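Heads up, the chain shows up twice below as structure tokens, two forms, tagged structure 1 and structure 2.
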Structure 1
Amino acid sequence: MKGRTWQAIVALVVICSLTSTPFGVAADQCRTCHEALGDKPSTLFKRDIHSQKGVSCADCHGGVASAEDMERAMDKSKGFIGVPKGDAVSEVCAKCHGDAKRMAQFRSMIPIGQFKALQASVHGRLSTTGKERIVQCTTCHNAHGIVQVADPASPVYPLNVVKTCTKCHADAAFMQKYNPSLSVDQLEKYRTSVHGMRNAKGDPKTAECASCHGSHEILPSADVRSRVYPTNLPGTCAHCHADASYMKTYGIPTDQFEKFSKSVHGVALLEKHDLGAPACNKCHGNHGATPPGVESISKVCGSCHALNADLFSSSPHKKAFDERKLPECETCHGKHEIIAATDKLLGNSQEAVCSRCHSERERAKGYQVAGTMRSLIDSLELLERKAQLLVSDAEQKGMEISEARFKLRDVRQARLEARTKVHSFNEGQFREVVAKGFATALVVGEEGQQAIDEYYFRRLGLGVATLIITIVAISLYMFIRRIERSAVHKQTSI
């Protein structure tokens, strides 16, 4: 009999260890009673990760879990709090999730800083009641029936998190209370994006809300610490798009961030911190992110470079590019690796982009026009440099030449306009702009030279005047000496 009892005890221990159910749960009278009632919380709690880890009802709600008497079980003097309200909800969660030792007991690898991150986030701000935070842990994770993030049933599983976020963010009445300027159609836009379409088809690897904005630590986009702040956004996108192993199944390049960082846009944004420079979202979109197509890429570039886009649209290249199905701006300037547009891109030399399509034998007219344009703009730059040197020389000599210096700005402006006019690919229009620069540069150069000539004329005049004055002074001195000697001689004679 004793042997059988011992075997029963061993069997019970084995069963408990296999089911990962500690003895404390068996004595959870709260759960026993509620399961008998068949209420929703107890039903959901059966598959809750906390239930599987041995967390009892009293661990969250307080009271005496082992007491069969309801009044004793819910004795407030024993710590019974009932259903937590407001901020107390997250504080109850943080009792374990903010305690490293407690989490270690459950062998959990979950970070323990979520609650602090939530408090510092945009969601941690006071709600309209002024008594609690906008979001609590249960807002996103649920109260009972909580499962691991990797579980497809979790509200924050990659395929579900968009729906979870839009419970609030797609509710216009709700969002109006907190940020009326924030659009509430992010979900609709997201579903039109490559990320959204793949997500809807069941791909959990594609970007969703938390991938870009974070989870507990979400900050306003205007906050310099935010993942989607302009200078941080390229790095956020690169977290996936620069990971060759992660992106392997999608068959797209993973060097975009590297190229962008070295581009004229990347240098301006990431090194010079020019917030006017485009980040990834300026070209690809935010929630509706999609690669610009052949027809749309010029529209994307044209949102900033409006005049260039207008000139190209009326140029002979527009029709040629459309016939060959070539992307417009990208064909000459590149995509992520866009370099600073210099005069070297123009002309018919090997380094010029024009020579990629034009040669003396093929499309010769464009070849000749490109060469002429390059020659004209080089001449204008040379003339501007000469005028600049003359003005600077005159200034160093102390001449008043501020008006000529001001006119130099018109020469520089003409050169910049000429660079823009290149996109019209119209030699006549280009010559007209360059001619204005030539005329002004010649005037400035002439004024600078006149100022220098006047300086030397003044110096010559000053030299001559000095010589004359010196001669007169010497003559007077000699005359006075002669008079003095004459007077002395007369006195001696007397």
Structure 2
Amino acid sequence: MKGRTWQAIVALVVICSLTSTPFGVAADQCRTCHEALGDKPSTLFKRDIHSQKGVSCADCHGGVASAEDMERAMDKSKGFIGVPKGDAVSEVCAKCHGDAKRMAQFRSMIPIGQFKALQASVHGRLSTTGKERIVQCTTCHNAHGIVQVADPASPVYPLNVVKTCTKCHADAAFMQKYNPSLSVDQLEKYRTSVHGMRNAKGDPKTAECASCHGSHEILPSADVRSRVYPTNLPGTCAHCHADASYMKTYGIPTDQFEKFSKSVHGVALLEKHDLGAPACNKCHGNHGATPPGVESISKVCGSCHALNADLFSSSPHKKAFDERKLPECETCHGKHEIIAATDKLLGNSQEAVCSRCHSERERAKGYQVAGTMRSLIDSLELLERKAQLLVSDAEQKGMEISEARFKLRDVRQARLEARTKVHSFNEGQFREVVAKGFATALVVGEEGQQAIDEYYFRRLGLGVATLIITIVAISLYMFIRRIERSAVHKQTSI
């Protein structure tokens, strides 16, 4: 080992003395010697964009580039720093890449905020030692041989990004040190996604890691500023998927985001900031993003709408839909544009979705059941509204009817349960729930009516009181007359 080092140094000295000319020294003595040595950094640096732009070794490593003498060229007192370590690496890059003036000297159009973004990112803030960032510029961009991003040779070229990121992110042992709960199967899932498959086939336009997570500014997904935070995610996906010209070659629609924003889910998520509402990834998956298969839609929707999905799966529709390749929930409810379901979907009228397959002639049984269910739920709603009116009326009249008001909740609940039960597509089950609502609604209505009757009875009572007062007033009047007459009588008689 020691011998090898000596050999190298001797060779270096010999080469240096050989190449030096008596007329003076070449512009960059570092490269002269190192290239002659054929070491990796100097070889790679030949095709480095920085080399082409006139950046010298000494610009990053310090020292005196013009000095022939090795001692002098790599003199620490002259600013030679050797191989930068830790955070110093990124700081060396930021010397130029964080300085607009210097970048202008190189006629570069690259923005200058990367270093700051990196410092603020999850990669810049996490550290096991507390001394240095996890990731330096060179971690992704390499040190020598850096080429432009658009160059297929670059490690951050779209087709290479996945490999670059997964160097760490697929390494369970490595990730454990920083974020033990973060999974390391992103690559595996990604390769199953439409994005991943196209990327593997060499399509640089499909999404890779950085398309969604960002590059220098990557934040944890739980950070509200993150591009993959639930409320930001639809916008992130839409960045490509709503761009008609970008998506042109893929032949898929670009209105999903528009539809989603107006849907019940989109409004809940984007306007009400209800994080329980699904963003794109809840249905399509994130790294394994792909349209769910026809037969698994009820499972996807069922991850939240469990009861409906269970009922559907055990209903006769499951088999019928699968056979006809009908996308389960979507057939009736739509997908991105889903709006809150109303009772209008049900029944055998023109606007009801049931009538798309069922008619009096074709599949008539379903046609009948749909009609019955609709009329049942309609009458339940009517009964509920009637009971509600009676209760409100009684309340307006100042009657104590909180018991009935409380029971009214059960009617509503029965109606909501019935709406869920529709998905069993079984008249018996549906009737059972509706009957519960009917019974309660009738009781509430009766109580309301009783309270109103009671009110009129009280009014009658007040009428009686008024009558009493009137009688008292009249008799009082007569009494006064009598007293006065008798007084006059007495006076005259005296």
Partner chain sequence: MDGAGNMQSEKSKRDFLKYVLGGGLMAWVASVVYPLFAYLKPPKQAEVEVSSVKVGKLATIEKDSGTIVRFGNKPVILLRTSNGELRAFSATCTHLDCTVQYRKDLGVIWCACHNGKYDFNGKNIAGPPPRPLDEFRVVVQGEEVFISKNA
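The structure displayed is predicted, hence computed values, not measured ones. Take the two forms, superpose them, and find the largest set of C-alpha atoms that agree within 1.5 Å; that set is the rigid core. Counting starts at 1 and follows the sequence of structure 1.
Structure 2 derives from the form predicted in complex with its partner chain, whereas structure 1 comes from the other one. Positional change of residue 388 between structures 1 and 2 reaches 2 Å or more at the C-alpha, relative to the superposed core.
For residue 364, a C-alpha deviation of 2 angstroms or more is recorded between structures 1 and 2 after rigid-core alignment.
When the rigid core is held fixed, the Cα atom of residue 405 travels 2 angstroms or more between structures 1 and 2. Note on residue 479: its Cα is shifted 9.3 Å between structures 1 and 2, core used for superposition.
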